[in-house]
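Before any questions on binding or motion, here is one chain by itself as structure tokens, the form predicted alone.
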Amino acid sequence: MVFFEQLAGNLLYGIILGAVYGLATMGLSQIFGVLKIVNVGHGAFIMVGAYVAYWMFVLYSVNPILSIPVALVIGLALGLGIFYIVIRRLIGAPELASLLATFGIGIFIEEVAKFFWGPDHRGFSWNIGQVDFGITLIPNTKLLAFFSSVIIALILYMLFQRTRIGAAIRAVVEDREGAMVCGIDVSRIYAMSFGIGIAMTVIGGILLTLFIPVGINPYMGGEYTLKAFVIAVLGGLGSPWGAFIGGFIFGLLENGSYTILGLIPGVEPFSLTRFVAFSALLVILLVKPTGLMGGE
């Protein structure tokens, strides 16, 4: 009975964390879906979001949820700046060129963060109580992160499905040349898509600090880059909604497998959770190579 309660509690926690994983990955999938560029420096922008949350809390006593508008502005500015300086020159270039460029951008951002803030781990404590679900206690901060992720994902859905900008983005994805013939400024759509994608990633970094409040450092993004690629491919690379759903699946696998692997003597469960996630990814891709959402 204790085992099943622990498993159920961890699965509930996995759903909550999975929503944040999904939101943090939506930008990666969107950028690939629109620009066909794989952002290998994805984790560096998550790190930027984590530092935004940290400094807003430490310097101005602004809680991470209220820091989201600041992260949105910073993410859009970063995304648009990087697009016009670097990315627009890589549209249509060989894949290796964009991989190297985004990898270099990620390293540059990390080193800038290290130069200004040092290599030490930082953190903050924001405690506003917790909720007893019977099977586990969930801090209210994590519930706020969950609901914020769902709301932001719904706003993005409405943006892409119910507005003229969203229709223009979908037209560019479907047929770039046809969109140009119809009078759509493709370069502007590329810039907006890249900016929104980076902004979503930075916001994801803010919400992740509610789960890792003491793990903020310039090189924290590497782990999340790996997780984001698993989630993006799992959901269907190029599909933001697939990435959001993939985040839930990854969160369930990560937290559920931790409980089950803990029953095996001599096994360190945390170190094997990635193995379980990658194994599940391989199985799903064998069944459906395009991922769950297939780039929709």
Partner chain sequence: MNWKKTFVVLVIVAMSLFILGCAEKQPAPTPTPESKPAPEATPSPEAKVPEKIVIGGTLSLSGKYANEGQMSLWGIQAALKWLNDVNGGIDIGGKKVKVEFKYYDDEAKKETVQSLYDRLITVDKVDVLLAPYSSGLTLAAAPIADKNGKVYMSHGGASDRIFEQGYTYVVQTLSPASKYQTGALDMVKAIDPTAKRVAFVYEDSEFSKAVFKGAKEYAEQLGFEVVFDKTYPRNPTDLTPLLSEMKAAEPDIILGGGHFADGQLLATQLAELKINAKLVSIIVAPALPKFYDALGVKAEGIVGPGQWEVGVKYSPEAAKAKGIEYFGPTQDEFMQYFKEVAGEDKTPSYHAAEAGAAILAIAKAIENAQSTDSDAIRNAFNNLHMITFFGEFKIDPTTGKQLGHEMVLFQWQGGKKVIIWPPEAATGEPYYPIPTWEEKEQGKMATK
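Being a predicted model, the structure only gives us computed values, none of them experimental. Think of the rigid core as the biggest set of C-alphas that the two forms share within 1.5 Å after superposition. Numbering follows the first chain given and starts at 1.
Keep in mind that the form predicted together with its partner chain is missing from the display, and what follows is about it.
Among C182, L159, I212, I151, the residue placing a heavy atom within 4.5 Å of its partner chain in the model of the complex is I212. The chain is drawn here without its partner chain; in the model of the complex, the stretch among 42-50, 61-69, 224-232, 240-248 whose residues come within 4.5 Å of it by any heavy atom is 224-232.
Candidate site formed by L144, E174 and R176: none of these residues places a non-hydrogen atom within 4.5 angstroms of its partner chain in the model of the complex. Its partner chain is not shown here, but in the model of the complex it comes within 4.5 Å of a heavy atom of Q130. Residue contact with its partner chain in the model of the complex: Y190 places no heavy atom within 4.5 Å of it.
Looking at A19, you'd find every heavy atom of it more than 4.5 angstroms from its partner chain in the model of the complex. The closest non-hydrogen atom of G166 lies beyond 4.5 Å of its partner chain in the model of the complex. Residues of 112-144 placing a heavy atom within 4.5 Å of its partner chain in the model of the complex, in sequence order: K114, P119, D120, H121, R122, G123, F124, S125, N127, Q130, T136, L137, P139, K142. In this overlay on the rigid core, I260 has a C-alpha that sits 2 Å or more away from its partner position between this form and the one not shown.
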